[in-house]
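Only one chain is included here, represented as structure tokens and corresponding to the form predicted alone.
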């Protein structure tokens, strides 16, 4: 009877925990949806209150006011902005972003399909490089706290945080492309035979990874130093647990939790930081496409690019939020 009662209590607790976890996931999804709506609304209103519109850009300089009004009616810009915004969001929910408002009026989905993989590839490679190097250097700095290795790593991480992308990129291009002729100066092929386009990814990936690498290094060091000072670590040392096992099996798993959260935020930084790098390095990604759309007042493309990059940022942070409870049971219990 006692075993049956205990089993019933455990089952009831497990069902309650499952429901609460599902509710927490649903709330995160709703918050993510509200975030995307807010991003799209702010972008739409910023374009709305700016002088001129896409019809003016398409019409050019040598047209009459009547011709501009006719183009505005053809593009649907004469309707009230709430109607146009609701229409845009309804179409976006079906992944239909319409056509570009300038040029040959190419379907926006086609342009996104061509540019998003490029940006995602660079961002993923950059965050992997930043995570591997940052976690490794941060761990070494914590283990060698207040020693020469620790001071050197902290100095390098400070340098990485302070140097902006628009300064580092031309420096690397000048050194590796102009002076030493080892890497391409732009994304455009220069006739060299290489395996795929990795040859063209090296400089932009390194440039984008430097700042998050420095941030993750400092965060990992601080978290690891705190973990090494815990009571269970001192007890493990007293029991003679090997240092390698202590650092990488026991300490690293607990110290890496806040770093994982920072990785999600850093990935969002890479998506937005890539705008400058893509435009300067002529990378055919969504960042360069967005900057071009802004200069041309291509409102549909601006809205689509902003919404898509915002969705990628929210999705990455949502994945991190869902993974953390699986890695650390204490987070799961606190949520429940």
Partner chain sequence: MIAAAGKVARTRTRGNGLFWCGVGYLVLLVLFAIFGPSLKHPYDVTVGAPFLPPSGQFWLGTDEIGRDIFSRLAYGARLSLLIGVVVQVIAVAVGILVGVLSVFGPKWVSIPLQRFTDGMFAFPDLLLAIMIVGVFSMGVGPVILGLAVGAWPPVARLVKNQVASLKDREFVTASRAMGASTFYLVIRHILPHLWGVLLAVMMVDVAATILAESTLSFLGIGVQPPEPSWGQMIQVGNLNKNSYPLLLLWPCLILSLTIFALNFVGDGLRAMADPKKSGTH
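Positions refer to the first chain, counted from 1. Keep in mind that what you see is a predicted model, and the values were worked out from it rather than measured.
The same protein also exists as the form predicted in complex with the partner chain; that form is not shown, yet it is the one meant from here on.
- From the list 237-245, 170-178, 116-124, 255-263, the contact stretch for the partner chain in the predicted bound form under a 4.5 Å heavy atom rule is 170-178.
- The candidate site formed by 269, 295 and 302 is fully in contact with the partner chain in the predicted bound form, as each residue has a non-hydrogen atom within 4.5 angstroms of it.
- Although the partner is absent here, residue 72 is not a contact residue: none of its heavy atoms lies within 4.5 angstroms of the partner chain in the predicted bound form.
- Put simply, residue 50 is close to the partner chain in the predicted bound form: some heavy atom of it is within 4.5 Å.
- Residue contact with the partner chain in the predicted bound form: residue 111 places no heavy atom within 4.5 Å of it.
- Using a 4.5 Å cutoff between non-hydrogen atoms, residue 81 does not count as a contact of the partner chain in the predicted bound form.
- Annotation for 129-143: no interface residues with the partner chain in the predicted bound form [heavy atom within 4.5 Å].
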